[in-house]
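Coming up is one lone chain in structure tokens, specifically the form predicted on its own.
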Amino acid sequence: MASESTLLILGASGDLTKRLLLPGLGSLITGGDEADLRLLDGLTILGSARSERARDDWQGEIREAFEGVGAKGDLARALIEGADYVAADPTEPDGLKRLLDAAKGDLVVYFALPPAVITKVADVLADVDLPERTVLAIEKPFGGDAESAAALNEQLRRIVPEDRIHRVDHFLNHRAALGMLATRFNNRILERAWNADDVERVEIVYDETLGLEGRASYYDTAGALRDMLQSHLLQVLAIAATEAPVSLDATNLRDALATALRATRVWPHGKVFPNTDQPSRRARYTAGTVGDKQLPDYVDEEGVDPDRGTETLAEIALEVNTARWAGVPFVLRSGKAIGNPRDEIALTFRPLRFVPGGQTGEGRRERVVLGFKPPRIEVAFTSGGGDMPFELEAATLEGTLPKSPVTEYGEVLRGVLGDDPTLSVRGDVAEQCWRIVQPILDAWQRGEVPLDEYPAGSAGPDSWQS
């Protein structure tokens, strides 16, 4: 008989639960292995929010999410029929007690809640008796700066040990990030060239066509840098810049990623971006058309406070000051309402010092690109084969990385339910990420970096184009 366990989702009425968590669980049924199915056998999905909700309605939401990813059969039916919902305020001891009384066996508490509420819940959790095998899973942002991140870490460690705290960053579970580890460390050609002697620039870009999409309550207090660069893209940078770990277990891989981020700093060596000596740029969108959708000025979106000066596009230049990477700019960029968006990790290689006949190869730069959506790899290189003897031309090899039947959030939940923190963010790493971006935030606060504008549907401000 399977052992009992409970996945308690705090904030179960939110978009994250409906759009990502529940389909992620379903994907473990459709695409997981036998070990994944054992994790789900005996699991109770316990949803909770402050609002009242019928148990049947909660089960119906789970059923719809499972059907959306093709999850069916006896296990799917058992999870749906065994699911429960309890309306409660988890920041109040009585409300939290009702939730714990409804839980069975080992406990996973998934905080699909705003940061301020997480802190209040953690205060209450620290003073109650929890099942011996309790795991906490927490969505970003992890604090609002290095000091608050450290305080939150200390608060969480009063409840459970560090290895049972999963700070969720689903980009660590993205096929492109995992594919970069596999492609790099299992490929003699790429691994030999993966260094400052051969690589001139690394770009990690995640632009999107979406605008605010009703998320003003969170996004307008965060902005592109805090929402995407400080968390997601710095985790991808760590994967790109890390030295090879001894193994891909939780201890060794997370040690290697932490070492890369400890060596990361704001670019100190002069100009990286055209038309500015600053190592960062920021902008926000104005009215425009993205695809067939008309977007208003960002400042006219419902819930936006124009005086905050929130950016919807950010670029920063960093250096990983190690023997492998010193002197190479790592450019991180993310923006909303971008036309023809890029979403990729791109390494541009240095030109050769000498080419017979004086051909420089300019315009035919070698590049390795790993794309996020769809997961893909491209290798652009210079080859012969033009119309004339010895004429050079560009060639590109392209391939699509295998699409996993398990979603990124399925991968997250695999680690959380399996008590495997390998692909979650360690506490010291969360603090390092704030340490890295703080000088940029300070420069923005001092007004040293202008807030540019760009029409929705464009590639960004005209002045940014090189």
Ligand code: NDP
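Please read all numbers here as calculations on a predicted model, not as lab measurements. One-based numbering along the sequence shown.
Keep in mind the form predicted together with the ligand is missing from the figure; the text below concerns it.
A residue is said to contact a partner when one of its heavy atoms sits within 4.5 Å of a partner heavy atom; V449 fails this definition for the ligand in the predicted complex, lying far away. For the chain shown alone, T400 is not a contact residue for the ligand in the predicted complex, no non-hydrogen atom being within 4.5 angstroms. The closest heavy atom approach of D442 to the ligand in the predicted complex falls outside 4.5 Å. Proximity of L113 to the ligand in the predicted complex falls within the 4.5 Å heavy atom cutoff. Screening 261-269, 244-252, 115-123, 329-337 for residues having heavy atoms within 4.5 Å of the ligand in the predicted complex returns a single hit, 115-123. Residue T91 is the only one of T183, T91, T286, T134 with a heavy atom lying within 4.5 Å of the ligand in the predicted complex. For the options R365, R98, R324, R215, the residue carrying a heavy atom within 4.5 angstroms of the ligand in the predicted complex is R215. Along 267-298, not one residue places a heavy atom within 4.5 Å of the ligand in the predicted complex.
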